[in-house]
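Given next, in structure tokens, is a single chain: the form predicted alone.
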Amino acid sequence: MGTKTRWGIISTGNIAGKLAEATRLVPDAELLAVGSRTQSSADAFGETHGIPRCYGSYEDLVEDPDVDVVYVATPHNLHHANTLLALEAGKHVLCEKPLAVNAREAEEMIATAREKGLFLMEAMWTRFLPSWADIKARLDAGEFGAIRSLQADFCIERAYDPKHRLFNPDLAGGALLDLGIYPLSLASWLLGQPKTTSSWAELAPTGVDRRAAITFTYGGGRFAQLSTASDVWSMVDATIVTEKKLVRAHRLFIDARSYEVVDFDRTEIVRKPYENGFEFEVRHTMERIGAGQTESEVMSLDESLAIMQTMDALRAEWGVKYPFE
């Protein structure tokens, strides 16, 4: 790589646009190329975001010799194929969450990245936000004492449409992979892998999960209560109960520009503003690649795989299996 890290984006959807905007906020990032399934879509995205090289296929994008790292922004049923395409072309990869549809896919992606000595990370952008970086640092420093419990939810209200990706089994639909990944990843980050799991889910007519409640236990009386849904609205909050304090973040998986530390007689409001949100994972990716690292210590591949295995077990319990599995 030269003085700048040159990015290519696979896909032209909303989340691709958010990362495109984020690269403008990182001085050493250069958004060089975009790839889409059609030339017209690539050209339109490129014009909007000032991208000089626009490709009408993902294959052409990854074959560009000047692209250093590829951001995979396609729907998650395509993450496995698109990530392998980029890795086989010798590109580092930042892949949207969830890393894959199931653990089998994730294992192959991780093995390929490690074999080729290339950087791969699941793009769990909320882990890199200033608010959550601050909360995690204060927890790790023991300021609040040990965690006793976690409550977190991510639910949105969308009318049932069997063709929409949230309800379509051919597109790996369901609330868990699309929304539930957030609270599950947060629980993993803060508490590790659960010792026991219990859950309930309601399925949509298409056979994918549309509502779920999940409880994890970790020993020592610690537990996490998580919920996700695609057809009912929630506050999208997280509450961490510790030995000394209660830490609460609102709109956790949407923006999380502040958090509260609650004591019996006072509430500390900590504000951590930012411009886009994705710039922090962009910077982290570039720093690790620049240091010659192939994995992130903040969102490790082993942890991404463990989360994927947990979601596999939950779907098996609910009887949710995709046609292509």
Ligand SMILES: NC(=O)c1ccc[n+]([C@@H]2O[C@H](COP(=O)([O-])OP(=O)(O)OC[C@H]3O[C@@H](n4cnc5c(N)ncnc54)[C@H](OP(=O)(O)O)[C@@H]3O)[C@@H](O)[C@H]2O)c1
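Note that this is a predicted model, so its numbers are computed, not measured. A residue's number is simply how far along the shown sequence it sits, counting from 1.
The next section is about a form of this same protein that is not shown, the form predicted together with the named molecule.
Among residues of the shown chain, Tyr58 is one whose heavy atoms approach the named molecule to within 4.5 Å in the predicted complex. Contact check for His79: a non-hydrogen atom falls within 4.5 Å of the named molecule in the predicted complex.
When the named molecule is considered in the predicted complex, Thr74 lines it closely, a heavy atom lying within 4.5 Å. The named molecule is not shown here, and in the predicted complex it never comes within 4.5 Å of any heavy atom of Leu191. When the named molecule is considered in the predicted complex, only one residue from His250, Lys97, Arg222, Lys245 comes within 4.5 Å through any heavy atom, namely Lys97. A heavy atom within 4.5 Å of the named molecule in the predicted complex is found for exactly one of Phe216, Trp125, Phe167, Trp132: Trp125. Residues of just one listed stretch (37 to 45, 290 to 298, 264 to 272, 59 to 67) have heavy atoms within 4.5 Å of the named molecule in the predicted complex: 37 to 45. The partner is not shown here, but in the predicted complex the stretch 242 to 280 reaches within 4.5 angstroms of the named molecule through a heavy atom at Phe278 alone.
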